[in-house]
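One chain comes next, on its own, written out as C-alpha cells in the form predicted alone.
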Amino acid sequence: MDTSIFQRGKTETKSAHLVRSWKNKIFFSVVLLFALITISIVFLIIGTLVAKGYRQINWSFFTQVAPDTFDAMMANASGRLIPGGILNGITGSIFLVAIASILAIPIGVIIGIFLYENPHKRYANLIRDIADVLQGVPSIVIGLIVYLWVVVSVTKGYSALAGSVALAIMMLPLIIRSTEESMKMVPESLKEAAVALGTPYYKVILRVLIPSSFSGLITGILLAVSRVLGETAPLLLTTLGNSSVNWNLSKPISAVPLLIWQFYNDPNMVNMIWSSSLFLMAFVLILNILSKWIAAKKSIQ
C-alpha cells in the first residue's frame, strides 16, 4: 500500500475538519454578536428610563393626579420636583384593562376551545384565519372602528367603555390562539380517560382541559394584557383622557400611555414623561416575567 496516499488523505481530512471547525466558530460568533446587540438594546432602554425617570418617582407620583402646566412651570423655574403624579392614569389603565379582560377572556377562551375541539372544520379554519388577520390590524384602525361603533352610536361621546372595547378587540386574537395551543399540550389520554368514565362533555372541559392547561391560559392572558397596557392610538380615539380619577364607564377616562402623550406635548412636563414611561415599562416587564414564570413552573408534566 502506498503510504503517501494514506498520508495525503489523512491531511485532507484534517484540513476539512479544521475548516468546518472555523466555520462553526465564525457562525457561533455572529449569532452571539447579534444576540448581544439585541440584549444590549433592552438594557439601554431600561437604563435610559431609570437614569432619566427615577427623580419623579415618589409617594405623590402614585397618589396624586397629573399636574397642570402652571405648576410644572413654576416647579421647573425653582428647581423643584414637579408636583403631582399619575394616579388618574394608573387607575384608568387598571379600569380599562379590567373591563377589557371581562369582555375578551370568556369569549377568547370559548373560541379557543372550539378551535381545539374542531381543528379541521371549515368554520374553525375561517375563525383561525380571522383571528390571525385581526392580530395584524393596526391599533389606530381598531380605535377608529370603535369610535364609530361605540363613541358615536352608543355612549354619544368619549368613554371608558369605548376604550375597553378597543382593548378587548386587540386582546382577543392572542387569547384565542394561546388557548388553542395550550389545549393541544394537554395529553389526549387525560381527555379519553374522562370520557371513558362517562363524564359529561362540559365537565371534561371544565374539570379536565381547562385546569390542565391553566398555566398556558394564564400566560396567554398576561401577555395579552401586557400588549394592550401600552397602547395609545386606540385610546386617543375612544377615551380622550381625564384630569381626575374616573370609575364611570360612560365618561372619558385617562390612562398612563395617554398621560405620556399629553406630557410629550407640554415642554414643562419632560421629567413626567420619563417617570411615567419608567413606570409603564416596569409594569409591563413584571407582567412578562410573571407569565414566563407561570409557564415554566406550572407547565404540564
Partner chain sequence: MNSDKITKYVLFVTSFIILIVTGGMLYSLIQGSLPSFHTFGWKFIISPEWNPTKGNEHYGALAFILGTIYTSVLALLVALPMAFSTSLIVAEYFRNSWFANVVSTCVDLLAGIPSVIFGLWGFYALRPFIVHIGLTQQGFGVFTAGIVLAMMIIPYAASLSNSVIMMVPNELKEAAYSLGATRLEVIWNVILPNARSGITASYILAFGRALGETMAVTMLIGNANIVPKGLFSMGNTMASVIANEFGEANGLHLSSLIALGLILFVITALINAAGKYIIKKFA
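Just so it is clear, the model here is predicted, and its values are computed rather than measured. Numbering follows the first chain given and starts at 1. Basically, rigid core = biggest C-alpha set you can superpose within 1.5 Å across the two forms.
Omitted here: the form predicted in complex with its partner chain. The next part is about that form.
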item: Its partner chain contact at residue 13 in the predicted bound form, heavy atom, 4.5 Å; value: no
item: Contact label in the predicted bound form: residue 148 to its partner chain, heavy atom within 4.5 Å; value: yes
item: Exercise: residue 212 in contact with its partner chain in the predicted bound form, heavy atom 4.5 Å; value: no
item: 4.5 Å heavy atom contact, residue 59 to its partner chain in the predicted bound form; value: no
item: Contacts with its partner chain in the predicted bound form - residues in 151-167 whose heavy atoms fall within 4.5 Å; value: 158
item: Threshold 2 Å Cα movement between the shown form and the other one at residue 248, rigid core reference; value: no
item: Displaced residue check between the shown form and the other one: residue 27, CA, 2 Å or over, core reference; value: yes
